[in-house]
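As a starting point, one isolated chain is supplied in C-alpha cells, in the form predicted alone.
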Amino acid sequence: MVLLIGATGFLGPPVLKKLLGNNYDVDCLVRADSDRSRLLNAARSAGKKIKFNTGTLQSGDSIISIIKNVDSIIYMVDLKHTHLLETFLNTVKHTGLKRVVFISSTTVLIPLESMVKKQKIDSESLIKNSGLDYTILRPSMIYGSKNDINFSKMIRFIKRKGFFITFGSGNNLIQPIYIEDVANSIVSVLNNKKTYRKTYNIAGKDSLKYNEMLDIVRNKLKKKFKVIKIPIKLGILLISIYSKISKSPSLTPDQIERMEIDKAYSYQKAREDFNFSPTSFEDGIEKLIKESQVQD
C-alpha cells in the first residue's frame, strides 16, 4: 500500500493516476476540508477506486495509525514547510515504515540566498539524517497541468491580453519539466533499491533560453503576441512596490532577481539509475496547449 501525502496539490492527480495505472494500491492523506474532486477524477479515469484518510501533519497523533498500515509513502508537501516535515519524521520513528519518496526542487541549487532555499536545504538535511530509505527528487520548474502556476498561467494571460511581460534580457537558460515526467520518475524510483538514500535532479530534455521558450510558445499557440521586456532592477523596484500594496502578490522581488540566472541541470544520475528520459519542451507545451483548448 502506498500513501500519498500532499496529494491535493497540482502534482497529486497525475501521480495518483500513474500509480493506479501500474496496479499500486493507493491511499491519500487529506485534511477534512480538502477538495478531493481532482483525485476522484484521476482515479475514475484510471478505472480504479481510492481510499481517503483524514489527518493533518500539524498533529502526529492524527496520522500515526495511517502510516502504520502502509508500505511506502510519497511525500509531496512543499519542503519549505520544515515544521510539517519534522512532525512527519518524528511520527514515522514510531512506526515500522522505512521507504519514503520526497519531492524537493532545484531551488536548492540556485546561486542566490533566499528563505525558501534555506528551508528546503534544511528539510533535505533532516531527511538525509532520518534513517529512512529515502529518495529525494528535485524537479525543475514543473508545467503541464491547468493548475500549475507557470506555463498554464502564461498561456491564459497571452490568450486574454495578446502580450506577455518578461524581466531581463531573456538570454538566461531554463529547463522546465513536464508534469508526466515527474510522475513517471516517482513511480520508477518507488521500489527501485538502487535509488535508496540518493538525491536526483530531474529536468526537461534540453535547456533553452527564455527567449527561445517564448518563440516555441508563440509557434505552438499559433498566435502573435508582443513581449514587453522590463530590466531586472526596474522589475525588482516595481514588484517591491506591488508587494506592499497587494495582500497576495503573485510575484516577489526574489522571483524577479532569479529571472536572470541560468537554471539548467544535468539529470545523468537519474538516467543511469532509473532510465529517466524526459519530454522535450516543444512536445510538452504542445500537449498543454491542446489540453487547455479542450478545457476552454
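Residues carry their position along the shown sequence, with the first being 1. Quick caveat, the model's predicted, so the values are computed rather than measured.
Not pictured, yet referred to below: the form predicted in complex with a small molecule.
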Problem - Touches the small molecule in the predicted complex: L11 (any heavy atom, 4.5 Å) - result: yes
Practice task
Look up in the predicted complex whether K49 has a non-hydrogen atom within 4.5 angstroms of the small molecule, and give yes or no.
Solution key: no
Exercise for the section: With heavy atoms only and a cut-off of 4.5 Å, decide whether V2 touches the small molecule in the predicted complex. Expected result: no
Handout entry: Any non-hydrogen atom of G144 within 4.5 angstroms of the small molecule in the predicted complex
Key = no
Problem - Contact stretch among 193-201, 101-109, 215-223, 87-95 - heavy atom within 4.5 Å of the small molecule in the predicted complex - result: 101-109
Handout entry: the small molecule in the predicted complex reached by all of A7, R31 and K120, non-hydrogen atom within 4.5 Å
Key = yes
Completion exercise
Assert contact residue (the small molecule, in the predicted complex, non-hydrogen atom within 4.5 Å, options T82, N150, S188, S72) equals N150
Exercise for the section: Heavy atom within 4.5 Å of the small molecule in the predicted complex: which of I239, L57, I67, A42 fits that? Just give me the one. Expected result: L57
